[in-house]
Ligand SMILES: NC(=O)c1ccc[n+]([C@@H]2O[C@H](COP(=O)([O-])OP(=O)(O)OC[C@H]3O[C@@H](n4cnc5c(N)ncnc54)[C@H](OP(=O)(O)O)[C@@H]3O)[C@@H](O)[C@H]2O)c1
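First, one chain by itself: the form predicted on its own, in structure tokens.
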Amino acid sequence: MKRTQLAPRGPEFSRMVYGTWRLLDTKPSAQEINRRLNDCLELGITTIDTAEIYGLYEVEKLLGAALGLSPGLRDKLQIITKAGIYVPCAYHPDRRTAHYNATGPRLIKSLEKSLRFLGTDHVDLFLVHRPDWLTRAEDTAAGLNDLVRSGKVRAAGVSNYNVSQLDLLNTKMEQPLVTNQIEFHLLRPEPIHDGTLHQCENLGILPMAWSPLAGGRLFDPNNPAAARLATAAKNMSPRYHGATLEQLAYAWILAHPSHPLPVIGTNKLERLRSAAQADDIVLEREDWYGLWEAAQGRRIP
């Protein structure tokens, strides 16, 4: 799989990223996760995306246990984690209400806990998971700047920020933000129109696309858009060596000129292999627009 640099001063990642949002769905052991990480490496997927809140604060601990089973495995991977969302749960029974907190001290505390859980002295990329409506940008930036300076974070970015939020935070950063991880897929093309992807192009940073398969809605037979996409993919498939709708959906994201990195959320090895093959698909222009048309149920304006 091809590799790419997120920004002029950013880390180099695999073009597709293994996401761990649903890692606990199958109740895997540390040994099973270790095998999956090694499978990712064999496919050229070297970048792993996680977050403090995933699995209600349990995923990072399991990942750390899995990494610890193979000395040297951590050094072959790039790790992304995120912080800033805090919810009531068994792990934090003292919390009354779900809330955001992107204050500098809170981000530092969360990242240091993530490092302990993951069993590493740094992460390659640290993201503010959601904009915090009650924190000034200079406060958030102070925490991120401190973490980058300390070497605990090699680069910083954001997730789910709009254009003005990213611009404001960037003005307070000593080292510019290197990405914005956003929801972007055939059923949510809004980042094409709301300026988010244009901003990434302008700044020379690569976005990341979470939920690239719309959380499975692309394959829901009761969803009219999914039915239209299934027909379109069937017609296009022979031009792309039998590519599936899933592979064409990844290729659709990869083809955008802002060069997004899809975050793959599957727990199945065969689907990881299928996703990795999508990196080689170069969609023809008319087919890219054809998939957009099928998803939207209308022609372009």
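Don't overthink the numbering: it's just position in the shown sequence, from 1. All figures in this text were calculated on a predicted structure; none of them were measured in a lab.
Keep in mind the form predicted in complex with the named molecule is missing from the figure; the text below concerns it.
- Checked against the named molecule in the predicted complex, the residues K234, K268, H241, K27 give one hit for a heavy atom within 4.5 Å, which is K268.
- This chain appears without its partner; in the predicted complex, the one residue of A226, M173, A214, L77 with a heavy atom within 4.5 Å of the named molecule is A214.
- The named molecule in the predicted complex comes within 4.5 Å of a heavy atom belonging to R22.
- None of the heavy atoms of T140 is located within 4.5 Å of the named molecule in the predicted complex.
- Although the partner is absent here, R130 lies within 4.5 Å of the named molecule in the predicted complex, judged by heavy atoms.
- Using a 4.5 Å cutoff between non-hydrogen atoms, Q181 counts as a contact of the named molecule in the predicted complex.
- Of the stretches 195-203, 158-166, 96-104, 144-152, only 158-166 has residues with a heavy atom within 4.5 Å of the named molecule in the predicted complex.
- Looking at 248-266, the residues that come within 4.5 Å of the named molecule in the predicted complex, counting any heavy atom, are Y250, V263, I264, G265, T266.
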